[in-house]
Each structure stands twice: as structure tokens, then as C-alpha cells.
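As a starting point, one isolated chain is supplied in C-alpha cells, in the form predicted alone.
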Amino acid sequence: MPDSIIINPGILEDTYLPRLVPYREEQQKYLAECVNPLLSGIYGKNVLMHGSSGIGKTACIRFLFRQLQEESDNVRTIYINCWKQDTSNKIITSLAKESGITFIERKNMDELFTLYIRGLKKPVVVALDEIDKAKDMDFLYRFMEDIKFKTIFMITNISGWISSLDARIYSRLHAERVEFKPYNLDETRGILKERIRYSFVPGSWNKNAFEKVVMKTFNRHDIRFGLHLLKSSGQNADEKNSKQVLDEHVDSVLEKSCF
């Protein structure tokens, strides 16, 4: 069996973060501007980031966090996926453990959070991904009240989510909106072509097969779906001992996919 035509499969994962997030330069610049005041001891801006799945919202936050970690020791970054940590108890307990605070059964969440706040010596940038999945917002109220210098990024697929917040939280957030619109056809093609460039053997994609992936991805408005097609089609070609990904390999993946 020949060597795989996929030479760097990690680049086809949706968790892979390139050195630049293509076609999101404007949003990246704005997000950085929201954090910059914290570096000078001034209050940062809170932001609601909304748009459909698979169009770069989380990638932009991860890119910003990487920049902050590489360029400054003066701010702390906190990423929370509210689908996985969907209650205030889970979120506060996770933050306490991350900070080395020993969890004691008798401590309630208020006590844990107070200990956490006392340990903060730097301004904080918080990303609350999938925030619409959180079952309560007590933690967000505490963030607003008890963390002095902060920027909070709230990421959701639901543009009107913020209007459902309790008035006490809503009035404290003063959040600005950043809408992430779906990638257009040329942008979709460019993103997928770049991933292929670094993950596949050169020349291993038939042009028609690639364009089929591009169109399917564009119609879904979801880059994650496109990455799934690239990887699975490449694996299918490998299984068939083909040195090139052809239409038939993409079609076979589409027929079986429930993505």
C-alpha cells in the first residue's frame, strides 16, 4: 500500500490554528482594540460575537489569546466553553481548580469565587464560547461585579441572545456587537486551498473533486464541514490506493456522511 497522500492530518482538524485567520482581519483588529485598554490599566470593552457555526468566531478568539500570551505578561486569558461547563457551579469550580485553589466540599460557590478573585493580580480577558448553552448566568453577574479590569467576549450563534439576559446583567455589560458573516465563495475556496497546501502531497487533488468540496462547503456555510470532506475524501483515496482525490472519493464520503 502506498504512503498516504495526507502528509499533515492535524492541519485538517477544526482545532488547528493557522498563523493568521484568513479573511477575518477586520474582526481580529477590532477584538484586539477591545483588549488594548487593559494593557494600560483601563477598562476594556465587552463584546457579543455572533454568527453561524464554522465561520471563524472561536478561531479569532484563540488567535487573539495566542497573541496576548506571546506578547504580554500583563493580562490573563480565560476560555470557557459553556456547552461543556453549563452551570455557574461548574464554571467557578473549574476556575478555582485551574488557579490551584483546593476544592473543599464545605465551600460554596461564593466562597470559591471570592478566593479566585483574591488571587487575580492581572486584568482578565474572558471568552465565553457557546454562551447561549449556559443554564444560568450567575457567574456572568459575578464577573461583571467582582472583576475590575476585564474584557468579556460572549460567543453565540444566536444574534438576539443578549436580549434574553436579566436586566441587572444586561445593564452592566454595555456590550458591543461584532457580526461574523459567512465566507463567500472565493473565501471558502481560499481557506480550503490553503489547508490542502500544507496537509496533502502536492498535486493530489483533482480540480473537479476540489471544486465539489468548495461548493458543498459554501452551500453549508460551515468550514468545519469542508475540513471533514477534505480529510475523509483523502482517507477514502488512500483506502482505494489512489494517488489523487477524485470525484468518486468525495461522492462516497457525501453519501455516508451525517455531518
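Nothing here was measured: the structure is a model prediction, and the numbers come from that model. When you see a residue number, it is the position in the sequence shown, counting from 1.
Only in words, not in the display: the form predicted in complex with a small molecule, which the text now covers.
Only one of N157, T77, S94, S88 has a non-hydrogen atom within 4.5 angstroms of the small molecule in the predicted bound form; which is it?
By the 4.5 Å heavy-atom cutoff, the listed residue in contact is N157.
Looking at V214, I55, V35, L48, which is the one with a non-hydrogen atom within 4.5 Å of the small molecule in the predicted bound form?
Selected option: I55.
Just one of 63-71, 223-231, 35-43, 201-209 has heavy atoms within 4.5 Å of the small molecule in the predicted bound form; which?
The contacting stretch here is 223-231.
4.5 Å heavy atom contact, L246 and the small molecule in the predicted bound form
The answer is no: L246 has no heavy atom within 4.5 Å of the small molecule.
F139, heavy atom within 4.5 angstroms of the small molecule in the predicted bound form
F139: no contact with the small molecule in the predicted bound form.
Contact with the small molecule in the predicted bound form for D238, defined as at least one heavy atom pair within 4.5 Å: yes or no?
No.
If we define contact as a non-hydrogen atom of the residue within 4.5 angstroms of the partner, is E13 a contact of the small molecule in the predicted bound form?
Although the small molecule is absent here, E13 would touch it in the predicted bound form, with heavy atoms inside 4.5 Å.
Each of V21, R24 and I191 within 4.5 Å of the small molecule in the predicted bound form, by any heavy atom, yes or no?
Yes, the whole candidate spot contacts the small molecule.
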